[in-house]
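Read the single chain below, which is given as structure tokens and is the form predicted alone.
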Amino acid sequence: MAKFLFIYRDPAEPASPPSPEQMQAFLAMWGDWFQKYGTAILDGGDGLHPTGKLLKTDGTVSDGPYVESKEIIGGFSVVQCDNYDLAVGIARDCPIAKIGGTIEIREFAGFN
């Protein structure tokens, strides 16, 4: 079986933060997704803060990365299944896809 990394890019920031009810509904969608795909989801991953550090080739470290909001990686998951078609099917059901975000699906090379 192959392993796939799902890289989540959230939709544009909403004008206002979600209400507690909206957050609960969104978290319930994640719970349903995890339940539906069970052992195929090896690591549910986590969300990522929009800030970070950038290590440059010369060894210097700076704040960043600074990217356009549409390019911000919001989180990730690791999924195991037989092929890309099945990975795409699992991604289609992911809550990020249902709220207008995008999911980059990448197969691990299997070096380790």
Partner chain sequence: MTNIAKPTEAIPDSNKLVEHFFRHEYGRLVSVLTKRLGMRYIDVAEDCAQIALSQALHHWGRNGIPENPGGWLFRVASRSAIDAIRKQAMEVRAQPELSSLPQSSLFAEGQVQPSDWILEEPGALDDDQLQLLLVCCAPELPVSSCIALALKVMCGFSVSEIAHALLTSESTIQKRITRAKEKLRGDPSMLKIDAAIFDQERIDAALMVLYLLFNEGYLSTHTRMSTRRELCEEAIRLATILSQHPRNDVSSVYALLALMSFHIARLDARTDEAGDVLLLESQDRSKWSWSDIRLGMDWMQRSTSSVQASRYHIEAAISWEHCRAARFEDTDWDRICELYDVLLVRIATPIQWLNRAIAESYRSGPSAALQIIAAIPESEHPVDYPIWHAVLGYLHHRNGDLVVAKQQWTIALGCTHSRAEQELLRRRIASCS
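Given the structure is predicted, the values throughout are model-derived calculations rather than measurements. Residue numbers count along the first chain shown, from 1.
Below, we turn to the form predicted in complex with its partner chain, even though it does not appear here.
Interface membership of Y84, defined by any non-hydrogen atom within 4.5 Å of its partner chain in the model of the complex, is ruled out. Its partner chain in the model of the complex comes within 4.5 Å of no heavy atom belonging to G59. In the model of the complex, none of the heavy atoms of L54 sits within 4.5 Å of a heavy atom of its partner chain. In the model of the complex, its partner chain lies farther than 4.5 Å from every heavy atom of I73.
Residues F26, L27, A28, W30, G31, F34, Q35, G38, T39, I41, L42, D43, G44, G45, D46, G47 are the members of 26-61 with a non-hydrogen atom no more than 4.5 angstroms from its partner chain in the model of the complex.
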